[in-house]
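Given as structure tokens, the chain that follows is alone and in the form predicted on its own.
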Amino acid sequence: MYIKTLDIANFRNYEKQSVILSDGLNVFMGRNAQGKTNLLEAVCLCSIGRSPRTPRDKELIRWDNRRARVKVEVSTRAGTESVDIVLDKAENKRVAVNSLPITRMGELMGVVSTVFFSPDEIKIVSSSPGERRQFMDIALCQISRAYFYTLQRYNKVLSQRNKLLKSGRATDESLEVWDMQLAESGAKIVKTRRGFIARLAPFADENHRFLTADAENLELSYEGVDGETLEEVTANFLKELKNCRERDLFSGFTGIGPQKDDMKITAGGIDVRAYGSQGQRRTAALSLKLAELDLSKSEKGDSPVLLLDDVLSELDKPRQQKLLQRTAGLQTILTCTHIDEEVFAGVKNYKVFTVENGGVTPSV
């Protein structure tokens, strides 16, 4: 898969811009605060329906305008497809896939598959379990629309159970109704995530060994409700909900389930979540993202588009060179402030764009 064109209007600091991309490495170069990251943000919006930087769509609209529009056209094994999104300060966003309006956001998942990485993505490893759950969920939603809808159902039931707990009117009988629904959807999430981590782990280890020149291995495991089969996970989840019921009634929220699970990340025998150095955490996070690329390609037959936002500035020169080597055969959109000729020496046929004050100019 690769993006052929990106068209934006009144998005962030762009009034109007159209960009024709190559199917290989595309480098957007410019000083800070010129709009480089905004281009990647526009692509992410068309991929997962939201920005990786803010949950508020209205912040993406150019300050003196009411509406913004982003459109991408992609080439896939099945042919050419398009995603068109209109943001409005007074209305909900409108999304069209192949010129047909969609009514459910799940219909967008997987049309434009992307993997986004920026220096801030180190939080996948170093921050709270919520960041790691988000990593798993975004990757899985792009692979499986069924997972997207299961996650929606679970969150809706969880919200209803929490409202009941907070109301002060909860009884064993009323909670059991919600517990069964929560366990059924939650077990599917746990089993899917656990399978995802099992399939992701070999790719993550391979990429980590590549980036560290075989100095470290990387191991992943899922921390959540036990069980191999769906039935086992459901039964164990129900049991834990019952055991935690008194605590949930006291706290007013559900304290067990996929919304509390985590992914363990071990590099060189060290749990890097708690004890890894900054460099170890950064390399582990990058390995996870590259593994997501590999897994998506192996399961869908098409490589996602790799989005790299100012990543080279956070890596030493050997890792910069290895990362660029790793992008061979992928469409990659990379932002940077300058091009180091030594780092780019081994890269063939990359396309350079200059970004300045909300304008993009392809280099000749």
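Sequential numbering from 1, following the sequence displayed. These numbers were taken from a predicted model, which means no experiment stands behind them.
Missing here is the form predicted together with a small molecule; even so, the following discussion is about that form.
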property: The small molecule in the predicted complex: contacting segment from 324-332, 54-62, 293-301, 311-319, heavy atom within 4.5 Å; result: 54-62
property: Close approach of residue 31 to the small molecule in the predicted complex, 4.5 Å, heavy atom; result: yes
property: is_contact(residue 351, the small molecule) in the predicted complex, heavy atom dist at most 4.5 Å; result: no
property: Touches the small molecule in the predicted complex: residue 13 (any heavy atom, 4.5 Å); result: yes
property: Interface membership of residue 38, the small molecule in the predicted complex, 4.5 Å heavy atom rule; result: yes
